[in-house]
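Shown here is one chain on its own, the form predicted alone, set out as structure tokens.
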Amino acid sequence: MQEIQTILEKQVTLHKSLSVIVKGKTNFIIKQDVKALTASLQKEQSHIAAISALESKRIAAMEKSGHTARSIEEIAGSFPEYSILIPFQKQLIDIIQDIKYANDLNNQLLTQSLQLIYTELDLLVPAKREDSFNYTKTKNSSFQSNSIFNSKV
């Protein structure tokens, strides 16, 4: 059980660190700092890899203790000595929900940024209105641009 507790402590620490990184991404997205955002993504990936490795170790430790497919709450309900693990589980749940909220916010910010970019591109570059499979068009037909820079008063 001590091994599982140690792994859970490390998972809580890594998840807290991941939460800081994810919240930092929000600021980088708002500031449009692509370089810092890229560095943050690399840190995030290394944390995710470390968390995955710890999760594999936790599963192996659970199998070794004979509690393979059971949750910590179920094990603690059956074996009171495992109730010491419940606070770690609750911490992990809270941190993961916090990370999920920050990721949802980052996703919304990125979506809005992309929508703004597409809107600006639509204003600068007109959409092609001619059918690309229309073979009956004449060679002299010129493309009619309707961007705001080519519009007539």
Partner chain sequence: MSSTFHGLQVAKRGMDAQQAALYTIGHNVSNANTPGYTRQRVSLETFPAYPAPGMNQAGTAGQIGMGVEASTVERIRDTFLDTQYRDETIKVGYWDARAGALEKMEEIMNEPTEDGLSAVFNQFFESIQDVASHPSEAGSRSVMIERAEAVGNTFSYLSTSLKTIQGDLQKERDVAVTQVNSLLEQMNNVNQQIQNVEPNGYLPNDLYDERDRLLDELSKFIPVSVEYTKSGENASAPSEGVVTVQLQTSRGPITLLDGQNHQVNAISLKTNQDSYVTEIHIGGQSRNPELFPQGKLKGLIEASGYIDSSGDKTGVYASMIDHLDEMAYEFVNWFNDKHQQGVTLEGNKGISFFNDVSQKEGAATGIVIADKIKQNTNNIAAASGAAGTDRQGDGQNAQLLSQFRQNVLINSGNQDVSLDGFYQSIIGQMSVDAQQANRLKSNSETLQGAVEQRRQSTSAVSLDEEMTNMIQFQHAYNASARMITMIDEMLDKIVNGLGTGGR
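Just so we're clear, the structure is a prediction, and the values are computed from it rather than from any experiment. Positions refer to the first chain, counted from 1.
The form predicted in complex with its partner chain exists for this protein as well; it is not shown, and the discussion that follows is about that form.
Asks: Please identify the residue among Leu109, Ile86, Met62, Leu54 with any heavy atom within 4.5 Å of its partner chain in the model of the complex.
Replies: None of the other options qualify; the answer is Leu109.
Asks: Heavy atom within 4.5 Å of its partner chain in the model of the complex: which of Leu92, Ile99, Leu105, Ala39 fits that? Just give me the one.
Replies: Exactly one listed residue reaches within 4.5 Å, namely Leu105.
Asks: Within 4.5 Å of its partner chain in the model of the complex: all of Ser113, Leu116 and Glu120, by heavy atom?
Replies: Yes, the whole trio is in contact, each within 4.5 Å by some heavy atom.
Asks: Do Gln45 and its partner chain come within 4.5 Å of each other in the model of the complex, heavy atoms counted?
Replies: Although its partner chain is absent here, Gln45 would stay clear of it in the model of the complex, with no heavy atoms inside 4.5 Å.
Asks: Please check if Ile30 has a heavy atom lying within 4.5 Å of any heavy atom of its partner chain in the model of the complex.
Replies: Output for Ile30 is yes: heavy atoms within 4.5 Å of its partner chain.
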